[in-house]
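Before any questions on binding or motion, here is one chain by itself as structure tokens, the form predicted on its own.
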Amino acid sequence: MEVDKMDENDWKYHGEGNKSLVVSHVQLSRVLRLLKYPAEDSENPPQTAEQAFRQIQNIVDFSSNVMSRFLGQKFIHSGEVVKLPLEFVRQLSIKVQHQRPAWRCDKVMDIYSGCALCLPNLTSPALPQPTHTAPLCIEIKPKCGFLPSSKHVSKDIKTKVCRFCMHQHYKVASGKWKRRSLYCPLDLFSGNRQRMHFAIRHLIEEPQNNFKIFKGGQCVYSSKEGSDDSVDLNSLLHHLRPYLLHGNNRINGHVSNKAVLHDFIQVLVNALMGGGGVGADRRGEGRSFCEASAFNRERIRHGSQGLPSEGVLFRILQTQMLDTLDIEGLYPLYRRVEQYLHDFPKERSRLQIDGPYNEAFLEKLQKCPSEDDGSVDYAAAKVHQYRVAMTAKDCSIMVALVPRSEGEDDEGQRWLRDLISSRTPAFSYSVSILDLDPKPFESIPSQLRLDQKIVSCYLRTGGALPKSSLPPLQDIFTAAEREDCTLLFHPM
């Protein structure tokens, strides 16, 4: 990519989050991630070009030097900071403006610094495509996969119902989503294939911001925030069917809708479980079940297989569990650091509150004492551990799949076969983790307030929601529920 020959017509709007906007190249497997500012700051950017560069470099350093150590280098794409011609950035901003969702337009793209983060386009990966079929890419935001056991937890419900399930009630009550998702992260992180299958089924049924499917880089399945519209499963089946033509659940040579979805979920579970030997489940049964999960424990036909210790879910879960105190136990330590910085502001750099995210920062995390010695250094290290855990709780997993052609045998590639039998289809695949920005030190008070709102809302409603807030069962899922589960959950 030659920076001095940038043309805005080579790029298209890809998506955006709260802090950045992403554009993708129309031919190359590359994306640019640009910072955003509140619209009222559009004439006077809140930071200089040097500060913007440092902010993006911090994202790169945090990903490559810190998160990759916990999550595994093979899953991480940290990217690099690039300086772009200002005229290119201005023209690009004009070009993508009309494609942006209206509710995101309270912020504008940074057109002053010329700084961006260049990353591989994980929705259109550079995997071998022997069948010339566009790659499928599934984005999953798994969220927190364990229940807290900290002595600092003040409400017993937090040790029984997971944060995601409680948050669903709050989101519906506040109008952010019209319907509640029945997905529960503890089912996905359980390592039990039945529960994982069940979790992904509910992600498909009510995706919200936690599940998207891309085909050849284009998003073909997702939810729109605040929309009354249900997702279109028939449209999804139309996209999936060509990838899953070979099944053992045919009706007169035709693969049933249920078989297509079943096989797709199985392939996805296999990709998430890929990675070697089984790791020990250190959480214990009491912390691996959420009382709000719709999964019936009596349906489990086999004991928990556990997550492979080198697999993506195991690595994410272990990193999330750096949060040993819960936000309630962490907040007093945050206040200790905050008060210290108020008295000694120059110490902010020694404590690496804003980075740099280097070996020294990592060492503070890894060598933090297990017991509080009352020092500000202990408090700062626990806050840093919590920030890393929060990043892992908010990351996304990208699973890219490309069908393998008949008779192909390349030992250089990892192949996914349906573990139920040797039947095709088989896929080459890659698994990546993204959204690994450092969480700001100053965000901890707002996280505590949100935690209190979520818990109080759940306790106030008694965990009950109006029936209208439940996702409508799609015909294909209704049919699956009526039948024996041997197709939904095959014995291993």
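Being a predicted model, the structure only gives us computed values, none of them experimental. Residue numbers here begin at 1 and follow the sequence given.
This protein has a second form, the form predicted together with a small molecule, left out of what is shown; the following refers to that one.
Participant: Please check if His197 has a heavy atom lying within 4.5 Å of any heavy atom of the small molecule in the predicted bound form.
Facilitator: The answer is no: His197 has no heavy atom within 4.5 Å of the small molecule.
Participant: I'd like to check something about Asp435: if you look in the predicted bound form, is any of its heavy atoms closer than or equal to 4.5 Å to a heavy atom of the small molecule?
Facilitator: Asp435: yes, in contact with the small molecule in the predicted bound form.
Participant: Do Asp394 and the small molecule come within 4.5 Å of each other in the predicted bound form, heavy atoms counted?
Facilitator: Yes, Asp394 lies within 4.5 Å of the small molecule in the predicted bound form.
Participant: Check His14 for me: does it contact the small molecule in the predicted bound form (non-hydrogen atoms, 4.5 angstroms)?
Facilitator: His14: yes, in contact with the small molecule in the predicted bound form.
Participant: In the predicted bound form, which of the stretches 114-122, 323-331, 258-266, 149-157 has residues with heavy atoms within 4.5 Å of the small molecule?
Facilitator: Partner-contacting stretch among the options: 114-122.
Participant: Heavy atom within 4.5 Å of the small molecule in the predicted bound form: which of Val31, Val60, Ala426, Ala52 fits that? Just give me the one.
Facilitator: By the 4.5 Å criterion, the partner-contacting residue is Val31.
Participant: I need to confirm a contact call. Of Phe189, Phe214, Tyr183, Phe211, which residue comes within 4.5 Å of the small molecule in the predicted bound form, counting heavy atoms only?
Facilitator: Looking at the other structure, the residue within range turns out to be Phe214.
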